[in-house]
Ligand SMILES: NC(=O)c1ccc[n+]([C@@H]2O[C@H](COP(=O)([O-])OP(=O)(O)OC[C@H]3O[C@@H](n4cnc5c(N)ncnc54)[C@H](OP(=O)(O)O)[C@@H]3O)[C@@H](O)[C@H]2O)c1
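Take a look at this single chain, the form predicted on its own, given in structure tokens.
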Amino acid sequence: MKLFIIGFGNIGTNLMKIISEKNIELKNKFGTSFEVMAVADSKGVYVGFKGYEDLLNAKLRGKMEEFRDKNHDIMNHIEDLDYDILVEVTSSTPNGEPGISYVRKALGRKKHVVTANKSILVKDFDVIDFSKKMGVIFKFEATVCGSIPVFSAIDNYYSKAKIIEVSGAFNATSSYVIRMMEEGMSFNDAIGKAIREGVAERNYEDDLLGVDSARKALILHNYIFGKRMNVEDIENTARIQDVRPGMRLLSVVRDSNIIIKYVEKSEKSKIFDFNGAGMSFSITTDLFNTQTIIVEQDGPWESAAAVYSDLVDILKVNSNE
């Protein structure tokens, strides 16, 4: 299946590496695999390269222009290129653009779409219904809690039960920074280390002030309970001064409300039972009581792996048709 990847930062480059490593395995298992036929970033659209190594080497050498198409307009390529799946892995933005327009344009062409961009669903949750109307697949596992299979679990195992509440540590950056501070680092040194290791963005305030967690919690609320809340409805009390040893950033999602706040880490709670840049997802239902999934490490590789998992799900469906 042909892929058009929009976003060639940490997630996009890791995704191409995973595809490169897994394509032979996919071919043996399903009789088909993936071909990345175009990649786009803020500087333009790249075509004519021969796989991951070719494009990555050009990026490392600062020679991406070798493959840059003369037409820099991404929307034109979404409209004109011959691809099967649009992979949208650009950064979240306050208004969801240009990601929303990219995704809707592809869906309008009846192309499948996979995204890791939270702001698309925060600002345009109706895009899910639009994909169904178009008769194509729209997947977004990587938008919430990275490599934890949140939506897969909700759609399958937990679909037999009534979900009462979901909660957890939805942001790895805040957990990592506090953990480094607990080991003796200053706030600034901890942030610097997180940025160098790819755990934090240079603009890290969204992570520490609960904005990233709020976006994820909002997507979960609207998906699980079928009621539309907005970011403004969320009770977010996270403050920079709360980023200190002994604290953790907690998200709680219920039918009636969403709460984002820093709390004291408790030895009794399993939600924060991880070290460093980890995350957790805890779900309470009427059938299965409370169950918690924890990952010890979350970052661009894990998010890319979640995107890859969505892609393979689409590949499976198409190989069976």
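On a predicted model such as this, the values are computed, not experimentally measured, just so you know. Start at 1 and count along the sequence shown; that's the residue number.
If you look for the form predicted in complex with the named molecule, you will not find it shown, but the lines that follow are about it.
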Name the residue from Met180, Ile74, Met134, Met247 that puts a heavy atom within 4.5 Å of the named molecule in the model of the complex.
Ile74
Could you work out which of Ser92, Asn236, Asn222, Ser167 is the residue within 4.5 angstroms of the named molecule in the model of the complex, going by heavy atoms?
Ser92
4.5 Å heavy atom contact, Arg254 and the named molecule in the model of the complex:
no
Hey, in the model of the complex, does Ala142 get a heavy atom within 4.5 angstroms of the named molecule?
yes
Should Gly96 be classed as touching the named molecule in the model of the complex when contacts are defined as heavy atoms within 4.5 Å?
no
My question is simply whether Asn117 lines the interface with the named molecule in the model of the complex - judged by any non-hydrogen atom within 4.5 Å.
yes
Partner-facing stretch of 268-276, 50-58, 283-291, 34-42, counted where any non-hydrogen atom is within 4.5 angstroms of the named molecule in the model of the complex:
34-42
